[in-house]
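Below sits a lone chain in structure tokens, taken as the form predicted alone.
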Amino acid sequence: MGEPTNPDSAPAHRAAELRSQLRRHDHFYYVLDAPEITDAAYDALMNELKRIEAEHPELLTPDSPTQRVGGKPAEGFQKVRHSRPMLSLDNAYSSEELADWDRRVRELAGLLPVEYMAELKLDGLSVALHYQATETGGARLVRGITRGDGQTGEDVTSNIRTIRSVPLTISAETLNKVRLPQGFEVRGEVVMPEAAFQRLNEEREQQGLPLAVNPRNAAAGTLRTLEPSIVANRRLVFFAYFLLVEGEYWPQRQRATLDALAALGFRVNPHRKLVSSVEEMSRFIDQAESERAALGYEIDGVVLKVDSHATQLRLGYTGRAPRWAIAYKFTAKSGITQINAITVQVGRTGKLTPVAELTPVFIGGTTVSRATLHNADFIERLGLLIGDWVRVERGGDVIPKVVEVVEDADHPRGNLPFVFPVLCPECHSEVVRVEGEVDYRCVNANCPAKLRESLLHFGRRSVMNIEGLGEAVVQQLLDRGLVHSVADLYSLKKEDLIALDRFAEKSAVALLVEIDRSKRAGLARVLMGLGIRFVGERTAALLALEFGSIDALRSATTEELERVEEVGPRISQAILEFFVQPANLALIQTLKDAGVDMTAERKTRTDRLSGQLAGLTFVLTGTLPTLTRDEAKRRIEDAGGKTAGSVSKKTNYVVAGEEAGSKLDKALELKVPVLDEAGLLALFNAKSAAD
């Protein structure tokens, strides 16, 4: 088919006609998987529209098919709070667990109807799409947000617009048919089809780049790419499954919601079924698992949702998940392959981890060529030899692992034992194994492998929270000799970063802003970032609260350290050993000189033991009206109380907010006193008055 022409049509009329045709063909190709015209014919229509818009700029509209790939985000991705939290789902792994969940649902539902919508659990990235009213009575995509931490995500609208299965506009006529207001929100999953994933890895292999681990990670990384044209080329797909109006779920049955989403022009997964018993659930799950290899995209289970919206409201939520939905997770994927060699990796603490180098095996949509062997004791326990055939498991994002040696007529044993190295494979320094521990460690403080892992750890969200400090960036910083310790991050300049691959001025400035912001993270996070053995988030927070500054902690004696809650001989010894190392003291001084805050509000153990809530243990559940979970926890601990993760007979109070879950049920069962936020605040005040 040649390029269509219509010289008698006015440009505005022809442009509108072309946009309508292109949107229709996008829908048939990307949503229905039923293209009506060839790629060449589609390109001809697109090129004609581009030419008209170039000749008549006044006809260009933001929602034109030619504008799928727009400009880059102004300054990286902005954080945006969700209209309603994007919660996780509880998991089930057997028909017995499904039956228990079904029983709980029916007990809580009472006389309300209980049927379930069974849907495939797509292994991708959850996003929320916001649509607002247009002057013509329709709706236009105005924002796309990643799930993030469930409360706050990142605005990736410029990249979402490149996904062809996402409608940029929806007509007034379509909205009226569905009886939906102009403003609404659609939630769903962005996935990378297996064909696109394979093409991506072929390109990366040709470029000498590390291969992407799996389609899910590749989809997540793609959606956070600052170049929309790259996102467009990756051919991501969006499947819709939730519809919200003014932050509330659309008050229809789940099956009606899915039908409405399809009518609006969204791609809705066709593999779904209404079921009403555990037996029917199990049959759907078995069928999904048997057909998963032929889907063309990855799934890792099946989601069951109570179909009735009224019943959903009756069931409500726990602190982290809806009671009316559950994810049945498929068993770990496994495959049999041969160990060709065993290499050793060095972590940030100097720990040496043996890794099996495998004959590549395809497991659950991903080619696996390496798997962890944990430690020397694990290798000895399996009696593992190089050349052995082994079963390798991969489940979700978990690193592939060897689980057993396979020995039969088709899989003979290997014949070469593995000997743990006496020198570090990275720096060739001495390797030691402390008595009573299973791990071998490199003791060289300047080992380059330890530095690489230390930098990645330092930048993690739960530590110093330096967004953008990923593996590729860290490796380039090391290769170019720009950093020799975590402290060198604070001396980086814009010109240093611009010289790195895939860096421009804006991305360099964005990373420098993140690094500068991390200076104010506080003592607890700094302690985590320093990588002191056994000092995790909880211990770091207690040490910061007790000593108030890095100098006070450095001067502490064994007795003073062990007076801190949860610090015993092993942790105190590790802290003392850290602070006697000259290299560590020099690192701390350099961080100080760079302006990194190493102080915290101090509250001694004596203060806490004499606080208003001394000796009391609290469990928090649900969402409180004004206090966040962290704020409530901090106030309780500042007042001398403790917070625990589960309810027991030793619990003094359970503080329950909106959508409280099983912890509240357990409290009622054990007759543990239950407080709301007002009750907790009253307890603070009452204790203060008593004191």
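The structure presented is a predicted model; accordingly, all values stated were derived computationally and were not measured. In this text, residue numbers run from 1 along the sequence as written.
Another form exists, predicted in complex with 2-(butylsulfanyl)adenosine; not displayed. Remarks below refer to it.
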**Request:** Counting only non-hydrogen atoms, choose the one of 115 to 123, 132 to 140, 345 to 353, 455 to 463 that falls within 4.5 Å of 2-(butylsulfanyl)adenosine in the predicted complex.
**Result:** 115 to 123
**Item:** Contact check for Leu200, Asn214 and Tyr297 against 2-(butylsulfanyl)adenosine in the predicted complex, heavy atom at 4.5 Å
**Value:** no
**Item:** Partner-contacting position among Phe578, Tyr241, Phe77, Trp101 - heavy atom within 4.5 Å of 2-(butylsulfanyl)adenosine in the predicted complex
**Value:** Tyr241
**Prompt:** Among the candidate residues Glu185, Glu154, Glu189, Asp307, which is the single one with a non-hydrogen atom no more than 4.5 Å from 2-(butylsulfanyl)adenosine in the predicted complex?
**Reply:** Glu189
**Prompt:** Is the gap between Leu315 and 2-(butylsulfanyl)adenosine in the predicted complex 4.5 Å or less for some heavy atom pair?
**Reply:** no
**Message:** Considering non-hydrogen atoms and a 4.5 Å limit, does 2-(butylsulfanyl)adenosine approach Leu89 in the predicted complex?
**Reply:** yes
**Prompt:** So in the predicted complex, does any heavy atom of His82 sit within 4.5 Å of 2-(butylsulfanyl)adenosine?
**Reply:** no
**Request:** Using the partner position in the predicted complex, report whether Leu511 sits within 4.5 Å of 2-(butylsulfanyl)adenosine, counting heavy atoms only.
**Result:** no
**Asked** Using a 4.5 Å cut-off on heavy atoms, what residues in 135 to 163 are near 2-(butylsulfanyl)adenosine in the predicted complex?
**Response** Arg147
